[in-house]
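Only one chain is included here, represented as structure tokens and corresponding to the form predicted alone.
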Amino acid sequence: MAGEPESGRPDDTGELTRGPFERWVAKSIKNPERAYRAMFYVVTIFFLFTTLFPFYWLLALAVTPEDALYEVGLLPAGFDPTVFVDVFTKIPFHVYMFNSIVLAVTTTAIVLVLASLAGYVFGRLDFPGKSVLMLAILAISYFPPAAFFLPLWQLFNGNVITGLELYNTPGAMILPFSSLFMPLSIFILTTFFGQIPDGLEDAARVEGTTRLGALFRVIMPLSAPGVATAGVLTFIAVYNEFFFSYLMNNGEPSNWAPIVAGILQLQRAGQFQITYSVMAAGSIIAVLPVAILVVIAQEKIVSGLTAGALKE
């Protein structure tokens, strides 16, 4: 406006005027919560954009007709929702999804049972070398899956133990999955089991319950957030696993090939070209079970991760 002094220049009273940003900085200095709130919004928006944009891009590719894919920009170059039906008509995609869910559920059950026993030992019993042994177990999770592939390949093809041929069977995937994802569950459950007061277990023992009974009747119910967190994280990790899922079977749904093989089969669903829109639609459908699980169990996951970080 005419007659109004520019930002940073003195007004009629001799005081410096401030622009909108300078005024906001001045108010933030007096009230630091404004700065914290602004940082929170910026980080949240950045996180949501970087997390959700890949899914939006998949959706844009999926609904764009195949002949218009090279014209797609930030908005789809057309709209063809029939591609989500093509995912199931070109290949038995539902069988691949079923295989992945069964493998994930089975592995999660095995991991929770064994990790609960190990978590009880590490969390509630004292013995020499406990810390060293825990570190050794956690170190397994830092090894790349490729380090275990060659010996497991020899083992599962009957070259080590005659007659033990697990290739193209669920065992060739469940056994490596359980070994790779168990250390994290042991660590989570050890933290939770160690926080249960000894008096509750002693009371159960007085009533005639064994240690095993006290574990499954008292300790695990009281550690439900931790058990749920370990189970959900294991399920997601197994469902998303690529290395052993791709190499331990020939990609046929009848041989328990998981969702990874199904998405790769969609790549070859077209007769003369790669069907990118069908692959994008298949990827979106494949994410749905995990997304639904996270939405349902998000409160347990958050409470489990936060409660496990506190020591009372």
Partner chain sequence: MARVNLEGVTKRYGDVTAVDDMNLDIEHGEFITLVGPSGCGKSTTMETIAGLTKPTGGTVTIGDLDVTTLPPKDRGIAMVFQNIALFPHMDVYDNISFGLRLRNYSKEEIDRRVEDAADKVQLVGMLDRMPDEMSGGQRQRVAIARAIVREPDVFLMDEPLANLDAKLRVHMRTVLQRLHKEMDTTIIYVTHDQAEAMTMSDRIAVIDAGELQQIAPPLTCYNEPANLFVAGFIGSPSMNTLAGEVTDTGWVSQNGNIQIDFDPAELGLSPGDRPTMGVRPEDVYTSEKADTVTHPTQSLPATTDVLEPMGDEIFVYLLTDDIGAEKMALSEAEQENQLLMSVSPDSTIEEDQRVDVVLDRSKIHFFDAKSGEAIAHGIEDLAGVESASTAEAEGDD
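Numbering follows the first chain given and starts at 1. Being a predicted model, the structure only gives us computed values, none of them experimental.
This protein has a second form, the form predicted in complex with the partner chain, left out of what is shown; the following refers to that one.
Only one segment in the set 99-107, 120-128, 148-156, 212-220 has any non-hydrogen atom within 4.5 angstroms of the partner chain in the model of the complex, and it is 212-220. At least one heavy atom of G208 is located within 4.5 Å of the partner chain in the model of the complex.
The partner chain is not shown here, and in the model of the complex it never comes within 4.5 Å of any heavy atom of V160. Residue contact with the partner chain in the model of the complex: A203 places a heavy atom within 4.5 Å of it.
Contact check for G73: every heavy atom lies farther than 4.5 Å from the partner chain in the model of the complex.
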